[in-house]
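Here you get one chain, nothing else, as C-alpha cells; it is the form predicted alone.
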C-alpha cells in the first residue's frame, strides 16, 4: 500500500505562493511538516509569505509562462529538497474581464498563457521527477469557471476549462501508477484576483473596476485558509477532483441538472454568482 502523498518530510511545491490560496496552502503544509518550495512573479509578496513559514522554505521569483524558468526551478528544488517531492500545486492564476467582441487580444493571451501554459509547463517540469520517484501528486488549479461559461470571462473560462481537460487527460494516463493528477475547482475565494485583473467591463456592462472588486468581495465567502484546508484534506483522501466552497459544489450540480441553461438559473438567483 502506498504512503500518503502529503506527509511530514515530503516537499510541497507551490506556484503563485505570494498571496491568496498559494500563501495559505504553503502555511498549512509547512505547519504539517512539509518543506515548501515557493514561487511567484511578485518577489515582495513571496518574501512576505516566506516570513510566515517556520520550517524549511525555498523561494524563487518566477513567471510561470517561462517554460525554461520552470525547468530550472524544478532542478533547483530537487537539489535543495531534504526529501522526495510529495506534491506540486500549479496554482498561479490571473483574469481579464472583457467581452469577446471588444476584447484586447493581448490581455486574452496573457490570461491564457499564465493560467493554462503555466500549468502545462509546471506539470512537464515535475512529472518526470514523480515518475522517477514512483509516487507524488500534481494538483492543477482550475476554477468553478472551468465548469461553466460566464459573460466577460471568456479567456479565463477557456483557460480553466483547458486546465481541467489537460489534468483529467493526465489522470487517465497515470492509471495504474502511484503518481496522481488532481483538478481543483475553487468557487469565490477571498483573494486579489479581481483586484489584479486586466479590467475592461464587467458582466453587467459596468466599467468601474473598484465596484466590481467590491461586489466580488461580498460574494467570495470562502477564505484562503479554508481553501487550503479543503485542498490538503482532499488530496490526503485521494480525491481526483476537489470542489472548494459551497458555490462550487452548487454550480457543479447545476451544470449536471441544466447543462445548457444554467446561466439562466444563475441570472435569476442573482446572488449565487455575479
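Residue numbers count along the first chain shown, from 1. What you see is a predicted model, and the numbers here were worked out from it, not measured in a lab.
Unshown form predicted together with a small molecule; subsequent notes refer to it.
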| said: Checking a candidate spot here: are 35, 133 and 136 all in contact with the small molecule in the model of the complex (at least one heavy atom each within 4.5 Å)? | reply: no
Subject >> Residue contact check: residue 196 to the small molecule in the model of the complex, 4.5 Å heavy atom >> reply: yes
key: residue 21: touches the small molecule in the model of the complex, heavy atom cutoff 4.5 angstroms   = yes
Considering only heavy atoms, tell me if residue 87 and the small molecule come within 4.5 Å of each other in the model of the complex.
no
Original post:
Would residue 93 show up as a contact with the small molecule in the model of the complex if we use heavy atoms at 4.5 Å?
Top reply: yes
If we test each of 204, 72, 192, 99 for a heavy atom within 4.5 Å of the small molecule in the model of the complex, the one that passes is 192
Answer among 79 to 87, 171 to 179, 125 to 133, 154 to 162 for heavy atoms within 4.5 Å of the small molecule in the model of the complex: the stretch 154 to 162
